[in-house]
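Take a look at this single chain in structure tokens; it is the form predicted on its own.
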Amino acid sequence: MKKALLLAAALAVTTSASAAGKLEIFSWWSGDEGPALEALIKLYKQKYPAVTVDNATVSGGAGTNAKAVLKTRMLGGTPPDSFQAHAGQELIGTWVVAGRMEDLSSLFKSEGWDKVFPKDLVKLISQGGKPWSVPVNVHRSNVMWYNPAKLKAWGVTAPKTWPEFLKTCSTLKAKGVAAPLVVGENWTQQHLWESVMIGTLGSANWENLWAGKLKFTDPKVVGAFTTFGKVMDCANKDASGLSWQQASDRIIDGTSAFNVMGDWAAGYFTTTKKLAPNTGFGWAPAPGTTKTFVMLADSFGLPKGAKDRAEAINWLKVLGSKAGQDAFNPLKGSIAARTDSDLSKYNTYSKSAAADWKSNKIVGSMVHGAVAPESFTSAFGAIIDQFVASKNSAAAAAAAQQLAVRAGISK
């Protein structure tokens, strides 16, 4: 009880008038995603001008490089003041279970976030009935991007199922499109695998997979691996050398027809490439996933032992505020985690995503840490690499099942 009172008192005194000192923010947002983070930092500096902000960004690999650095710092007892993590099992299964994060229940109560964040999202970021991070956004994983003008010229439309995609792939190859699908480095191939799995298995079986009710060795899952192999046969051969942005560029210039990527691509298209939705770029749910919203959320937590704890708490307040989320998300290409965002600030794509967020079946992303612990996600890339090289569905499924058992997902 005494500890709770002390935490509440600390939260109460962290006002703009009293805040001073330093704040280290640790994330993997750089390059084309940098402007969205800078918008949050600008808002923070307006509220707390006496604080010096250290934007400690480690770029590359959808956070892979940053997570490696973070692990060294956390285990070494020198945590950043606040750090980015995908909401859900990525944070909970790694740092919350290790007892290295602070419970944010008091902050959620004082800021009223339990009333403006969807219950399903709060459940995702909670363990033991306590929230452990502040979600700043919601992204959609299962989006297929294309260039509307090029599809019209080729005489094709966005496929609605993966079998239809394979037929479209053959049509495009016959028209001289060498790689109808473009993918990038390993994590983008895992990202594609996720949409193929959900589009083939269905959302219920996807949830059963991570609840331990469906094994990777089930014939349905093995068959979905086979479909993924056929889809990859439509892709470019230089994937390992491309970032996700470089893969997206091939949609814009018409080298390839389709790319499956999260809706941070919308931020890239609009903010960096200055393209207009529906004309400069188009989108559709990944094949087989209509009426399904595969979600992930970026969030920040408060590690125990943070050097600038008061400043970090104020950072979390900015992240969870309506002003913060409406400054960040239009630039990031994501939608607000809050349900009371000002949609007039968002572009056509984001408005459509917000509508789907409210009406679609919501399932969590594996690749981006929502439904699987890092002990699984960090090792799964090797299975995808081996599968892409061999196209051995049974072997890949067996390896994934062994990994799921080791990670405590399945028995």
Partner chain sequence: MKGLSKDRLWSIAVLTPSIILIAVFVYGFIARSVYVSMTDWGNDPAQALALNPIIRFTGFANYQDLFTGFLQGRFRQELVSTIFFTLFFILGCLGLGLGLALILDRNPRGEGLWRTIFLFPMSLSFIVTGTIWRWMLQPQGGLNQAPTLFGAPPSTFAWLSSTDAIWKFDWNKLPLLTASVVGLVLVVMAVRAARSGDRTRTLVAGACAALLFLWALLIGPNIKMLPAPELHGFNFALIGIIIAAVWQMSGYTMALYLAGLRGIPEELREAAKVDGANDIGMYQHVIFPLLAPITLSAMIVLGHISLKIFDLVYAMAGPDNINTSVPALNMYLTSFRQNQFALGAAIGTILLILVAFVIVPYLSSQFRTEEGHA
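Residue numbers count along the first chain shown, from 1. As the structure is a prediction and not an experimental result, all values here were calculated from the model.
The same protein also exists as the form predicted together with its partner chain; that form is not shown, yet it is the one meant from here on.
Under a 4.5 angstroms non-hydrogen atom cutoff, its partner chain in the predicted bound form has residue 385 among its neighbouring residues. At least one heavy atom of residue 374 is located within 4.5 Å of its partner chain in the predicted bound form. Although the partner is absent from this view, residue 230 stays clear of its partner chain in the predicted bound form, with no non-hydrogen atom inside 4.5 angstroms. Its partner chain is not drawn, but in the predicted bound form it has a heavy atom within 4.5 Å of residue 186. Only one segment in the set 334-342, 238-246, 153-161, 265-273 has residues whose heavy atoms sit within 4.5 Å of its partner chain in the predicted bound form; it is 238-246.
With the partner omitted from this view, the residue of 131, 180, 93, 79 that lies near its partner chain in the predicted bound form is 93 [heavy atom within 4.5 Å]. Comment: its partner chain is not present in this chain, but in the predicted bound form one of 56, 362, 379, 51 has a heavy atom within 4.5 Å of it, namely 379. In the predicted bound form, its partner chain lies within 4.5 angstroms of at least one heavy atom of each of the following residues of 69-106: 71, 75, 93, 94, 95, 97, 98, 100, in sequence order. If you compare C-alpha positions, residue 241 and residue 72 are 3 angstroms or more farther apart in the predicted bound form than in the form on display. Note: the CA-CA distance for residue 127 and residue 206 contracts in the predicted bound form relative to this form, by 3 angstroms or more.
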